[in-house]
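Below sits a lone chain in structure tokens, taken as the form predicted alone.
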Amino acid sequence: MKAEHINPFIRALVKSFDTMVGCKVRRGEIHLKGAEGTPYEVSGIIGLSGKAVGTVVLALSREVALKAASAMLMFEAEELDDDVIDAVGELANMVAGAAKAELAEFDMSVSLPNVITGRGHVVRFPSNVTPICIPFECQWGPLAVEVGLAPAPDATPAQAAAASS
């Protein structure tokens, strides 16, 4: 994946956290994601399809999920209940949707969000995708965006080259 395909996800996360939950985030060192599970307890997952296909994961520590949901819902969330799960799904949707808008050349659609909770869970990316992990820190703790995109099977050669490089 090229930097110009990762940067929209970085900008989308920074803006979504700033505007929706009033929280500044600091980006860490970008790296390839291995097969290991996420170190965080909550993952909002969005599928992408179009001229590129893949997955976006918003991975949050329990504390970040609770505090972000509290800010969005305007009450103090104390457990990972349905309201918190819905808020995490909506945050994942905002990040994926804003990034998708910047990646218009891939004419992508976003799926409905799914949210997984629990320590040590693993989100599998398509086998032809090498996902990138973009870690962040905020006042509430750690979080990350994991992105994996690959050319769609019917993409033109130029689109395939853009998505896979």
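Each residue number is its position in the shown sequence, starting from 1. Note that the structure is a prediction, hence the values are computed from the model and not measured. If you superpose the two forms and keep the largest set of C-alpha atoms that fall within 1.5 Å, you have the rigid core.
One more form of this protein exists, namely the form predicted together with another copy of the chain; it is left out here, but the text below deals with it.
Checking L103, L48, I134, L66 for any heavy atom within 4.5 Å of another copy of the chain in the predicted bound form turns up a single hit: L48. Three-residue candidate spot P39, S61 and A92; no residue lies within 4.5 angstroms of another copy of the chain in the predicted bound form by any non-hydrogen atom.
Contact with another copy of the chain in the predicted bound form, judged as any non-hydrogen atom within 4.5 angstroms, is confined among 23-31, 134-142, 117-125, 66-74 to 117-125. Residue contact with another copy of the chain in the predicted bound form: A12 places no heavy atom within 4.5 Å of it. Taking the partner from the other structure, another copy of the chain in the predicted bound form has a heavy atom within 4.5 Å of a heavy atom of V110. Another copy of the chain in the predicted bound form comes within 4.5 Å of no heavy atom belonging to E78. Comparing the forms between the shown form and the other one, the C-alpha position of Q139 differs by less than 2 angstroms, with the core used for superposition. Annotation: Cα of S109 displaced by less than 2 Å between the shown form and the other one, core superposition.
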